[in-house]
Ligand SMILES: O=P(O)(O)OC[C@H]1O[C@H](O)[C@H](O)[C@@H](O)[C@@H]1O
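What follows is a single chain, given as structure tokens, in the form predicted on its own.
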């Protein structure tokens, strides 16, 4: 992976970081790296995620999915990190990403429409919940199971479960003798893409799981005490420094359609990990070159509260642009779509720099399993580094847990602090009807 911070330096951007400040920041990066390394050595909660490339058992995953290896479709039932990592990987690497369908919301119309369109006898179910009690996941799974039974399809022959050592989902898996994989200990869901949590659908759909893990291992081996020698830390340190200087929004903009879901994964990782104690960059999702025509105006000419992260593979497929036969379009003659997309990427960075707005460039060799594994891991390491530099509890999500308790209490009719807060929430209704 390659990171270029030139367009984020104070000589060209405001907010920006000066090279002298980078040197001072590098000393703090070295201290943070020592803490991260110690956490990995001790397998501490959260830091254990950075050990996944060497700990994840690809053979066990392939053995678990063998009974459904003939599936034409994979239906993942999970929410948040229990679904988003797998969706990110299949969107980027599966030959036909549409074969991976995700139920990560309980919108009844979406669930009904999704299930009505699937050939269930050819669809594997991938249900994921560490606790086995996540309300949205369990509710959707019960609906899925009921629809399979209604259509006379044996769901027990099409299901792989990833869960913790105890809980209702584990009990069900044991009762029905379902293939079951563990959720790794000490790993928050949003950091679990390179584990059984994220790798079951890719394995079923023919993605090279071993190469994904090898890419993650490459990034792990590259972690060192200096941001000048560690791309992951360079990205995290500069993102942190820019936030300190007022860049409260991080617009994440991949220039590859297959990385669009990666931006969604980044948004969860960044927001849930770092949005604490009144701080944390707000992630904004964009797609190059599409959003040059819808969002770049704001990033270039709006408030100076943003950094734009642009991401691209260095190698692309060749799709020649035919000669239009019109002089006004002669500039396109002899080019291809990849060349055009790279020109758009370069133009975006230059456009931001001309307006003195910061950007960080991230590149991978190509959009293959090894490079994606490296990018996933490096982004996680960058996030952990930001948490260390900012002094926040990177691996917790108390606001999320509050919402879960409130929803569970409302459904069960309990009188709790959370349900009382919901009942007493502010209301100022305005309607155009009676």
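The structure presented is a predicted model; accordingly, all values stated were derived computationally and were not measured. Positions refer to the first chain, counted from 1.
The same protein has a further form, the form predicted together with the ligand, not shown here; the description that follows concerns it.
- Placing the ligand by C-alpha superposition of the site, using its position in the predicted bound form, leaves the pocket open: no ligand atom lies within 2.4 Å of backbone or C-beta atoms here.
- The stretch from 300-308, 314-322, 131-139, 345-353 that comes within 4.5 Å of the ligand in the predicted bound form, counting heavy atoms only, is 131-139.
- Contact here is defined as any heavy atom lying within 4.5 Å of the ligand in the predicted bound form, and by that definition each of 82, 397 and 400 is a contact residue.
- None of 87, 158, 190, 357 but one reaches within 4.5 angstroms of the ligand in the predicted bound form through a heavy atom, and that residue is 190.
- Of the residues given (295, 282, 114, 268), 268 alone sits with a heavy atom within 4.5 Å of the ligand in the predicted bound form.
- By the criterion of a heavy atom within 4.5 Å, residue 361 is excluded from the residues contacting the ligand in the predicted bound form.
- For the chain shown alone, residue 370 is not a contact residue for the ligand in the predicted bound form, no non-hydrogen atom being within 4.5 angstroms.
- Contact annotation: residue 243 falls outside 4.5 Å of the ligand in the predicted bound form, judged by heavy atom distances.
- When contacts are judged by a 4.5 Å heavy atom cut-off, residue 404 counts as touching the ligand in the predicted bound form.
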